[in-house]
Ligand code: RB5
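As structure tokens, one chain now follows by itself in the form predicted on its own.
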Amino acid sequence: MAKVGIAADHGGFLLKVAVLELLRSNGHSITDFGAHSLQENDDYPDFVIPLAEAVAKGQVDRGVAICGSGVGASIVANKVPGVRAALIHDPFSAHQGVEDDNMNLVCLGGRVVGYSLAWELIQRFLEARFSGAERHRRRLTKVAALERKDLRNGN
């Protein structure tokens, strides 16, 4: 089973609580990056950034980030070099994002997807494996080169 990191703000907290129990009951090792209680004024970067850093460092195999829409979590997670996060709402993208793009963090909207769909998306995401096809490796090399480039300084 996978080592999974999970994080959510107030908008994703209730979905996170439900998903957390399903992940544990299915044998996954879980690191919970918070929130640990429902706080209406918390901020998703406070939880998603530590999760994304753990994914990038290999401290967890995959990450699940949940905010109200999933958009904010996706934006901030992708600011961490080595993280390939996507906002997912359909089962095809949940596995295809891993198979073709080596996605390592899935973002969900706690106010957008229901519990059953969220669980299906997470299962597809965790079961999928990167294909390693040459065309996909080539594309990911270009993404990694962009991450190393300091666009503010023109380097």
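Worth saying up front: this structure is predicted, and the values here are computed from it rather than measured. Residue indices: 1-based, along the sequence shown.
Missing here is the form predicted together with the named molecule; even so, the following discussion is about that form.
Checking 122-130, 48-56, 91-99, 65-73 against the named molecule in the predicted bound form, the stretch whose residues place heavy atoms within 4.5 Å of it is 65-73. Contact check for residue 44: a heavy atom falls within 4.5 Å of the named molecule in the predicted bound form. Residues are counted as partner-facing when one of their heavy atoms sits within 4.5 Å of the named molecule in the predicted bound form; in 8-39 these are 9, 10, 11, in sequence order.
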